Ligand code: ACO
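First, one chain by itself in C-alpha cells, the form predicted alone.
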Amino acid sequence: MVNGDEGKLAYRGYNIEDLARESTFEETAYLLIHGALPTADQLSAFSRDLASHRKLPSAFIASLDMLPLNTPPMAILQAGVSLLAGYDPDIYDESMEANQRKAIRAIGLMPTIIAAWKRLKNNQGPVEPDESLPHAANFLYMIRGRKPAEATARFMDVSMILHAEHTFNASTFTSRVVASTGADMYASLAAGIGALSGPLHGGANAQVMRNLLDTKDPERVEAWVEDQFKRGKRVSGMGHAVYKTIDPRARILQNMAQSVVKDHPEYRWYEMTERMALATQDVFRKKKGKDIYPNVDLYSASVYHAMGIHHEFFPAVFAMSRSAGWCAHILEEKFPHPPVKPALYRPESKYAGPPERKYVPIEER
C-alpha cells in the first residue's frame, strides 16, 4: 500500500519504518509471499530453505564464462532467470505449493547470478555461497570474497527490504501481465527484470552515482545542479511519480547511509549526495515555485559504491531485492483471492493510423 500524499508505504499492512527497523529481508520476503509474518520456527525453516537454493549449477556458471564481458548485468540476470526454469524440478507443476517453491529458488539464486557475473567481469573466480550467512550478508560475501562487517550487512539487508515491493510499478505490472497468460514463474520474473532494466525505472540509482562521479568535487555540486536545470535535465534521485513529500524509504536510507559511511574514506560521496539534494530543492523552488524531495535511489548510490559495488550493477541489486515483491504479485495473479476465472490482461487501444486502403500490386507502386 502506498499513500503518496502522506509519504507512507506498507507491505501487507505493516509500516515500512517498522519493517526496516525490526525485520530482516528473509522475514519480509516470507510476509510478501505468504501474506503474514512468520513464527520463529516458520522463519527459521524459510531462511534455511532460501539458503539451500543459493548454489548455481556448474553448467550455468560455465555458460557465463562464454559470454562477452561487456554484456550488461541486467541482460545476464534476465537470461539467467529464464534459464533457471530448465533446472527446476517443479517447472511443469502449476500448483500453489510448487509456485511458492519456485519463488524461493528464484529469490535465493538471483544474488548468486549477479555476484558470479561481477566476479567474472573482474577476472575473479566465483565465490561459493555460504549457507550460514543471512541473505544480504551472503550476497556481499559472494561479491567481495570476504564476510562483511555487521553494520555493512545490516545496511544491505535494510536496503533490500526497502526495495522489495512497491505496488503496481512498471516492472511489477509487466510480471503480472506475463503471469496472466499462464506463463511460468521464471518467464514472469524475467519480464519484470526486462522492464526494470530501462533507465526510467531501475536505472536511477546508477545515474545518481554517475552524476556524483561526473561532479567529482563537493564544491562543484551546486554549479552542477544549476547547469542541469539550465539544460532542461532532471537530477536523478530527486522527485517521485507517486510521493508528494519525501519518499519514506529515502528518509530511512539517509539516516543509515550517514552512519555507515561517516568513517569511510569515500565519505565525500555521501556529502555530495546531501549537497545535491539541498541544491536541487533550492533551484527547483526558485524556478518551479514548489518543492521536490529525495526518493529511494538518492541515498543507496553512494553507499553501494562504498561497499565496492560498481554502479553498472545497481539495477541488478534492485532486481534481486524486488524479486520478493514480484514473486508475491505473480502468485497473486496465478491464485487470486477470492478465486476468479483466469483472464488475460488486454488493454484497450485506439487506432490512429491511416484509414482503410486498397492493396496495390508491387509492380504498380
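The numbering used is simple: start at 1 and walk along the sequence shown. Keep in mind that what you see is a predicted model, and the values were worked out from it rather than measured.
The next section is about a form of this same protein that is not shown, the form predicted in complex with this ligand.
**Student:** 268, 210, 244, 121: which sits within 4.5 Å of this ligand in the predicted bound form by any heavy atom?
**Tutor:** Checking each option against this ligand in the predicted bound form, the one that comes within 4.5 Å is 244.
**Student:** Would you kindly say which of 125, 182, 86, 199 lies with a heavy atom within 4.5 Å of this ligand in the predicted bound form?
**Tutor:** Contact residue from the list: 199.
**Student:** Please name which of the stretches 183-191, 147-155, 97-105, 281-289 has residues with heavy atoms lying within 4.5 Å of this ligand in the predicted bound form.
**Tutor:** Heavy-atom contact with the partner occurs in 281-289.
**Student:** Does this ligand come within 4.5 Å of any heavy atom of residue 304 in the predicted bound form?
**Tutor:** Result no; residue 304 lies far from this ligand in the predicted bound form.
**Student:** Would you classify residue 264 as touching this ligand in the predicted bound form, given a 4.5 Å non-hydrogen atom cut-off?
**Tutor:** Result no; residue 264 lies far from this ligand in the predicted bound form.
**Student:** With a 4.5 Å heavy atom cut-off, would you call residue 296 a contact of this ligand in the predicted bound form?
**Tutor:** Residue 296: contacts this ligand in the predicted bound form.
**Student:** Look up in the predicted bound form whether residue 234 has a non-hydrogen atom within 4.5 angstroms of this ligand, and give yes or no.
**Tutor:** Taking the distances in the predicted bound form, the answer for residue 234 is yes, it comes within 4.5 Å of this ligand.
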